[in-house]
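First, one chain by itself: the form predicted on its own, in structure tokens.
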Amino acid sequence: MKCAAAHFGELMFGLKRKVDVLFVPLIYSLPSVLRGHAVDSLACPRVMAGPEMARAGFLREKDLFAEAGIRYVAPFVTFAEPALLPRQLHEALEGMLPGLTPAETEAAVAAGLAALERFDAGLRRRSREVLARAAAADSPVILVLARPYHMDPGIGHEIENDLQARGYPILWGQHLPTDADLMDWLFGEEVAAGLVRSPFDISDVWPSSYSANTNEILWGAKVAARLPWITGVVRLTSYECGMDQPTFTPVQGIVEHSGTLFFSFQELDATKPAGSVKIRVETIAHYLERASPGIIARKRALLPAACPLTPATAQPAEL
């Protein structure tokens, strides 16, 4: 939200080539690997209402969109219900794109969702490859639990880049591998005992599982607590996020229950001198170097002997 208004202004007045349309969807729900295993996968209310809040600032005294000759298009969209997307987008775009047909919109939506699925699958595959290398060498990996916008180097202060430069591979909670063999290795005994319904069930730690990103942060904490080679978790938050506030204690408790190290950078939008961030990164690296071998050994001893990340394991099947 802090970035949106400035970004609107940049697009409207800061570009040499004029913008014709400002397309800002009001996102109600999100695609999520946990959909069907949680109550819902809704977007943060600020994500949905945020564009309209930013837009209001450009209409306070006069219509700056009209003055700049820009059309503002903000359809209500439900990514968690993809069958509804073609109609939602067609209704918003048909007046702006003369001759646009429902069939064309449906084909475009299908192509876009397929591209997103390929992108996500590719990152999950690469994450598994990172974990497989770590398993072969018994070396540590860091998991970042954060909102998707923290992947932006400006918002996230490139903290993960600094840690990776010190030799620690970085995984993001949004793109952890979800292969059936790996999930069964980590959660199979709990599913068999009836403690959870599936490897993606978070009702044991978070019954109010409505928010897509919040759900994934809690699930990522559960994975981190079990995977031996994730020896450290870094939690990033910004903007006094109201959705994140209730999760601070549960996430830290889940991660640390298995002895995994937990570090947090809260309120990243506040002024953070580069030197302060550097000192904290050095502290994280110090504790990881000292504690990782013991963490790996303790967590590995609690899991079944046959590890699916070993080279002898057959190719995984995506859930």
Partner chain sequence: MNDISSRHWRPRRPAPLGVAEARRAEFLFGDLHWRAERLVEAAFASEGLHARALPTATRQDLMTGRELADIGQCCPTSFTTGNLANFLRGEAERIGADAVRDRYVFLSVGSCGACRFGQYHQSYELALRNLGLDGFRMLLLAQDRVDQSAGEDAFHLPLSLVLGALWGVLCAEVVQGLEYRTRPYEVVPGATNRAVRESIDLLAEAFRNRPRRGRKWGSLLWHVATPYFLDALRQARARFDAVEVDRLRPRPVVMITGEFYLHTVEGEPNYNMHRWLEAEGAEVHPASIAVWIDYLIRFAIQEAEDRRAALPRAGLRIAAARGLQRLLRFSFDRMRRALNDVPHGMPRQEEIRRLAAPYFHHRMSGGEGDMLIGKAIWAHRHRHAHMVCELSPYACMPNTMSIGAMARVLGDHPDMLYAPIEVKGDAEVHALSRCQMILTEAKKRAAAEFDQALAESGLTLEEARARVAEDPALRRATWRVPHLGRAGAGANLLLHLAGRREGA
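Residue numbers count along the first chain shown, from 1. Just so we're clear, the structure is a prediction, and the values are computed from it rather than from any experiment.
This next part talks about the form predicted together with its partner chain, which is not shown.
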- Query: Ok, 158, 184, 94, 190: which has a heavy atom sitting within 4.5 Å of its partner chain in the model of the complex?
  - Reply: 190
- Query: Just one of 48, 277, 66, 268 has a heavy atom within 4.5 angstroms of its partner chain in the model of the complex, so which one?
  - Reply: 48
- 4.5 Å heavy atom contact, residue 302 and its partner chain in the model of the complex: yes
- Would residue 245 count as a contact of its partner chain in the model of the complex, using a 4.5 angstroms cut-off between non-hydrogen atoms? yes
- Message: How about residue 31 - does it come within 4.5 Å of its partner chain in the model of the complex, if we only consider non-hydrogen atoms?
- Response: no
- Taking 4.5 angstroms as the cut-off for heavy atoms, does residue 226 touch its partner chain in the model of the complex? yes
- Message: Looking at 135-143, 171-179, 245-253, 118-126, which stretch has residues with any non-hydrogen atom within 4.5 Å of its partner chain in the model of the complex?
- Response: 245-253
- Message: On the criterion of a non-hydrogen atom at 4.5 angstroms or closer, are 26, 59 and 203 all touching its partner chain in the model of the complex?
- Response: yes
- Taking its partner chain in the model of the complex and a 4.5 Å non-hydrogen atom cutoff, the residues of 53-91 making contact are 53, 55, 56, 59, 60, 76, 81, 84, 87
